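Heads up, the chain below is alone and in the form predicted alone; it's given as structure tokens.
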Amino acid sequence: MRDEPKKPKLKLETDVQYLKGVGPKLGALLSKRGIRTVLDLLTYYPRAYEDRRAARNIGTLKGDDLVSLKAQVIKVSSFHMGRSKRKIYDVLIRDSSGQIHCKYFRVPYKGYFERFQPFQEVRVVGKVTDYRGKLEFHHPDLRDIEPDEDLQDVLVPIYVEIETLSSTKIARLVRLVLEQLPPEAVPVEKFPAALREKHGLITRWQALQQLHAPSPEDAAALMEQKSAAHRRIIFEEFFWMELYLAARKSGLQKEQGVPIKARGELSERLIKSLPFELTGAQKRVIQEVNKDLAKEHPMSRLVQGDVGSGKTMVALLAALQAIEAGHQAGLMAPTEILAEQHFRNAKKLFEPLGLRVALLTGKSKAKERGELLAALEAGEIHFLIGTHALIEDVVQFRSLGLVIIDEQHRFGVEQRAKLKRKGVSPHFLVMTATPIPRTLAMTVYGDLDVSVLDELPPGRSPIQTRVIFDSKRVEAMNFMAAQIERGRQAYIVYPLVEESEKIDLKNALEEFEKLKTQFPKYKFGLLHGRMKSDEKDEVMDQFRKGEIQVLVSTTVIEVGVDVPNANIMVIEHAERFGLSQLHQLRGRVGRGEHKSFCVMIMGHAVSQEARERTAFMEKTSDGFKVAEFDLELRGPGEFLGSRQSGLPGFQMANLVRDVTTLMEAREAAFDLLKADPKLAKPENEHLRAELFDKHGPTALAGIA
């Protein structure tokens, strides 16, 4: 009788489909979630824990509880959301203590709701939401009761279901790996012993074991995500990111730049010509920028501040320093409207100083474009302002000393790098009118120094914000009309350009026609992204001159529009906009001497989160507070938008909740690189290898 061939030992790189009970079909399902290997499975962390020593029932639930409980299905139903075609699915469940609705605003996967029948026993895992004084679940994990569930441990890890793969089945797979992984195959510890000891960290393998095979004694800490295992993984996720940023910053500091040392005569002349006094915050940031410009290595500084805090003036004064020292400056903006706004401002201020300012956008005509490029290369243009057109290969400066980028988050890393390559390591100043919480600024722009303009110019009065529902629209429009009668102007913003079959929302084109009929004595203008550049320019010019009293628009006016006489902003379907957009739109008014107003009109079937967003806007006009709240609601990835590369997707770390650990990990990473600039010491070889694995050769360029 032949001996059966020995099964190969389990390794971290083993494909999950070869685990007992998996196979190709289940392997493909796991792969869709990024779980391809045994190591991927071990880093699919539990989302919560259920302590079955203290079983929960519906009658004991409170808002914000994260729970797991057994219940019985009463019925499954669906209904349309207001007048829209979107459906809400509702699974009503009960136990001996009461009943509760489980609501879904999208279908998790095909056939999800067909699984559940009346009187069926189910387990629900999710967060309890208090919606209009009534408790309900929104998008909980709902699944069949497993036959052997009661035989499991008293503290059970709860995993996010992967389509038909329940939390219980995922837990079994992970347990199988923990039992069968041989000692020589466990994850290598990358952190040096001294680092772990200093920061009180357990090993990575210990952390993984504790997370997936939890001890009931650690129940409270595990459920609050404050266990030693959570701390290790959270610290680690922050540390790898901060080590990468520290290496990038180290590379920038080694880069040879051209010091810009000017006496500041041009800046002084400009400041004297201004009809207002610079704020204390502006003076402080200008000093920080000038100090950086005079250094041997290129400046890399982020200037952030709220709408109207004076970032543009700081950038223009920095440009004057570069120009006075014999160099050129370039400013890149994300939209033509914003680029043109900057051009008009700079031209008005720079021409009296004898300086030439030019504008380059996609619509620049061939002849004038050719003349402009020749003058730029000859050094006759001192300050070039434009859109993405600035990064084209044909655009050559004679001596680019300073690069300014506005609305930093709208550009990808490669676009910024292309512009930087147009000079010999030019200085770099990036600015954003979307305030970013300091913790997030350190995280995403950790290779930049951050300056904050935290003071508004005197005379800026807060904008009165009010949230109303559709039923009060007539009063809102009459209020707008009363402001126009006083000589003011207004914006009305819609989320769509034209009618959509998929979404039942008011749209700019249709409402523009209706408003003209409703208010025949006023002049209306229409602005949206599909219009040609010349058409947009004409409308904006008429609005600036007061020839148009009401501008009907989409979010194309979110940034770069400055009309001091416009004092009322009406936002239709405010529930469709994010906090950052609402804040930017509101910032289009309140730019003159007149008391300003923002009216946010809500549509039908508004979600709880949309109510929270708009209610917060009523409470504060502080952009930094708005940004903090936005970060809490959406998380860092969505907050920044998909175009901002460089931010890792944290599996466990939370920038708001874990800010103390973030600061500790940042300090640890920067200190370690200071002590071992090339990560050449034997104890740091794993750190160097991991940095290369995560970010490629560019990550090591700064520490080579």
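The term rigid core refers to the most C-alpha atoms you can superpose between the two forms while keeping them within 1.5 Å. Keep in mind it's a predicted model, so treat the numbers as computed, not measured. Throughout, we count residues from 1 along the sequence that is shown.
Not on display, but discussed next: the form predicted in complex with a small molecule.
Here the chain stands alone, but in the predicted bound form its contact with the small molecule, taken as any heavy atom within 4.5 Å, falls in 309 to 317 among 309 to 317, 121 to 129, 467 to 475, 263 to 271. With the partner omitted here, the residue from Glu236, Glu407, Asp141, Glu628 that has a non-hydrogen atom within 4.5 angstroms of the small molecule in the predicted bound form is Glu407.
Checking Leu278, Met602, Leu135, Val156 for any heavy atom within 4.5 Å of the small molecule in the predicted bound form turns up a single hit: Leu278.
Shown alone here, Pro457 lies within 4.5 Å of the small molecule in the predicted bound form, counting heavy atoms only. Under a 4.5 angstroms non-hydrogen atom cutoff, the small molecule in the predicted bound form lacks Glu535 among its neighbouring residues. By the criterion of a heavy atom within 4.5 Å, Arg591 is counted among the residues contacting the small molecule in the predicted bound form. Residue contact check for Gln282: one or more of its heavy atoms lie within 4.5 Å of the small molecule in the predicted bound form. Relative to the superposed core, Glu371 undergoes a C-alpha shift smaller than 2 Å between the shown form and the other one. Taking 2 Å as the criterion, Ala566 counts as shifted between the shown form and the other one: its C-alpha moves by at least this amount when the rigid core is aligned. Core-aligned CA deviation for Gly308 between the shown form and the other one: less than 2 Å.
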